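Single chain ahead, written as structure tokens, the form predicted alone.
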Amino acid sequence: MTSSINADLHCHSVISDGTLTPEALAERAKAHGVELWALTDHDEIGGQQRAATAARALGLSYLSGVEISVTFIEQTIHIVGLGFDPENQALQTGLRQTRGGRGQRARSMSAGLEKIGIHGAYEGALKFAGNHDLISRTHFARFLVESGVCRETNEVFRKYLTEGKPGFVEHRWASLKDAVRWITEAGGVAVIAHPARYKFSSTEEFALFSEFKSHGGQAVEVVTGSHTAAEYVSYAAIATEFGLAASRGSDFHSPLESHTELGTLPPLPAHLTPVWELLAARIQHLQ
């Protein structure tokens, strides 16, 4: 497989905070020309068998995937895992522990919104959470849009769910070291997701990449839905500097919310090593 393959290795289903089933995502990926696909739900691999089975039926090559929530320098970042064994017990245990704090965090978020007159947010958010163990800010955002508080989910995040706003509750997730270890010991490759989204100084960003590499991390998302064309160039350079492979993914969540459709991103820069080259033996060629 070359760097020009239409790979989409980052998207979400109803198992976490997407709005489509794994089967519907597989069909949508195939319809938009995706040739290699991965479902990467947040802190959860319960949709992997469904995704792989759907991909097989469509003749779509597949890699197992997950997106792990990590706390690094007091910020939440995300590490994508690709090509791991979903049956690995240490990975399953680590993800279960990471999910464990979401329920209490959600109740605290609801209490914060209650104080400013937004009632029933917890119960409202639960309606949008296909998996109640993975209730998240996105589910609250959808409830606030449905309730008419805001017009779109991005507005909800800006006004209510980011640091310093009434519905924001800090949460400590997995450590970077543990997240990378769970993925690599399960036979997969760890990838820094959408790095341009993090509010790190240049020194902090260098620390992130250095520590990630020291723990066995092997790749970074260069071309992803939230990056600009200039950021493709910036993170291609960082991938080269740190000797990392490059990944590509839309971070698709919903037909109504996502600005980047599955399979519509430009190809990776040709001089980079695509992450799927590291995972050739793990790709399920299902044609």
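Just so we're clear, the structure is a prediction, and the values are computed from it rather than from any experiment. The first residue of the shown sequence is 1; numbering continues from there.
The next section is about a form of this same protein that is not shown, the form predicted in complex with a small molecule.
This chain is displayed without the small molecule, yet in the model of the complex the stretch 102-110 from 102-110, 177-185, 121-129, 87-95 comes within 4.5 Å of it by heavy atoms.
Listed residues 209, 157, 72, 200 were compared with the small molecule in the model of the complex; 157 is the one with a heavy atom within 4.5 Å. The small molecule in the model of the complex comes within 4.5 Å of no heavy atom belonging to residue 215. When contacts are judged by a 4.5 Å heavy atom cut-off, residue 28 does not count as touching the small molecule in the model of the complex.
Taking the partner from the other structure, the small molecule in the model of the complex has a heavy atom within 4.5 Å of a heavy atom of residue 42. Contact annotation for residue 253: at least one heavy atom lies within 4.5 Å of the small molecule in the model of the complex.
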